[in-house]
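Below, in structure tokens: the form predicted on its own, a single chain.
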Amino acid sequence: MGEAALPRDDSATPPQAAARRRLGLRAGPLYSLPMLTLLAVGFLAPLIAVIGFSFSEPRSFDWLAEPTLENYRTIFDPSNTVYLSFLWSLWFAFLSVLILAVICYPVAYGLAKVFGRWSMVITLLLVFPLFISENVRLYGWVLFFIKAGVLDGTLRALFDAGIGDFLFTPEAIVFGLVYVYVPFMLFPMTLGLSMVPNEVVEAAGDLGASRLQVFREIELPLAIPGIIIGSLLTFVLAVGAIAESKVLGGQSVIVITHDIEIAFTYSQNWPLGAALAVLLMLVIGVLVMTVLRYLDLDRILGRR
């Protein structure tokens, strides 16, 4: 005996249906109240405080005093080289995204299409380092790359030649960014590739399309949403990174987040640090919105 079908309420008149829709619209904000409260307390309130501090008198702690543009004048002073920190941070983030896109695509394709039941094991291996502090992992790489360390000592013992001066260079910073942010590029990219129907790829092959044509005309366009999400997430995180430049770079290159940290800690100039943070948020926001504007996500996601 089959299950009884659930009764459908076909007796509701149009006014009753409209009343129910209005009730649902009124209940929606109520259901979202906990999340809105969390966002207001954890995100909006600190953001307002930072913006308020950016207009305070230099080296003061009164963000409700009469506003001033002195901190922004200091930043844009021609004798100030803070713009170099911005450029270094943006360059490192852009380079990291490019390298990660090339490295992660084959792995993401394997996780989505090839590895099968081994995908879960490989995913766990990639996630496991996230359970260890980022600083601990970076100091581990310092011991690995430092002169007379693990790699240098092994090469000298086997081939009587070391690795040279790799540690405390811009290249070491990029290596650290790539290493730390692999999961943030890989998993969105894997999700995007898993959305590519196998039937479409097989049909293209049956119609005579080469592997390159399948990649260019089918897999890449359909996987673009995941690639975009991974790239934006990696870029934003890499711009705001600081541990890589301090630990692996040895402060050989000063990034913008290091200037912000110095302003808030050693200099005790919170208004200047807040102004730098506001400018960093504006630069990242403008770049991200520009990318999203030209990529037309509505068309990519199939909304129209």
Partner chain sequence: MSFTRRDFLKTSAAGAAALSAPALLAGPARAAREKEMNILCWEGYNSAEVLDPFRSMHDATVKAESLTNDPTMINRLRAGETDVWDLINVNNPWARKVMYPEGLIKPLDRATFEPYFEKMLPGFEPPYKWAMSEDGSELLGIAQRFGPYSFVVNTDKISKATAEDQGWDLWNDPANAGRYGVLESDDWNVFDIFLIAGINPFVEHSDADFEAFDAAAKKVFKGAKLVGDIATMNQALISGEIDFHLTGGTYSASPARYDGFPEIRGITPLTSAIPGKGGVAWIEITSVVNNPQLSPLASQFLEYVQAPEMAHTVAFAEGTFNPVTQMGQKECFDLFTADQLEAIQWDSLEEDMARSAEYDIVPDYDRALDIMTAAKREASGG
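This one's a predicted model, so the numbers in the text were calculated from it and none came from an experiment. Basically, rigid core = biggest C-alpha set you can superpose within 1.5 Å across the two forms. Positions refer to the first chain, counted from 1.
Although not depicted, the form predicted together with its partner chain is the subject of the following passage.
_Non-hydrogen atom contact Glu57 with its partner chain in the predicted complex at 4.5 angstroms_ = No, Glu57 sits far enough from its partner chain in the predicted complex that none of its heavy atoms falls within 4.5 Å.
*Do Leu279 and its partner chain share at least one heavy atom pair within 4.5 Å in the predicted complex?*
Close contact is absent here: in the predicted complex, Leu279 is far from its partner chain, nothing within 4.5 Å, heavy atoms only.
_in the predicted complex, does Glu70 come within 4.5 Å of its partner chain, counting heavy atoms only?_
The answer is no: Glu70 has no heavy atom within 4.5 Å of its partner chain.
*Wondering, does Trp88 line up within 4.5 Å of its partner chain in the predicted complex on heavy atoms?*
Residue-level check for Trp88: yes, a contact with its partner chain.
*Even though its partner chain is not shown here, does it sit in the predicted complex so that Phe115, Gly205 and Leu222 each have a heavy atom within 4.5 Å?*
The answer is no: none of the three residues contacts the partner (heavy atom, 4.5 Å cut-off).
_Candidate stretches 230-238, 118-126, 135-143, 187-195 - the one whose heavy atoms come within 4.5 Å of its partner chain in the predicted complex_ = Correct option: 135-143.
*So which of Pro183, Pro170, Gly153, Gly110 reaches within 4.5 angstroms of its partner chain in the predicted complex, heavy atom to heavy atom?*
The residue from Pro183, Pro170, Gly153, Gly110 that makes the contact is Pro170.
*Mind listing which residues of 259-283 have a heavy atom within 4.5 Å of its partner chain in the predicted complex?*
Residues within 4.5 Å: Asp259, Glu261, Ile262, Thr265, Tyr266, Ser267, Gln268.
*For Pro34, decide whether the Cα shift between the shown form and the other one is 2 Å or greater, given a superposition on the rigid core.*
Yes, shifts by 2 Å or more.
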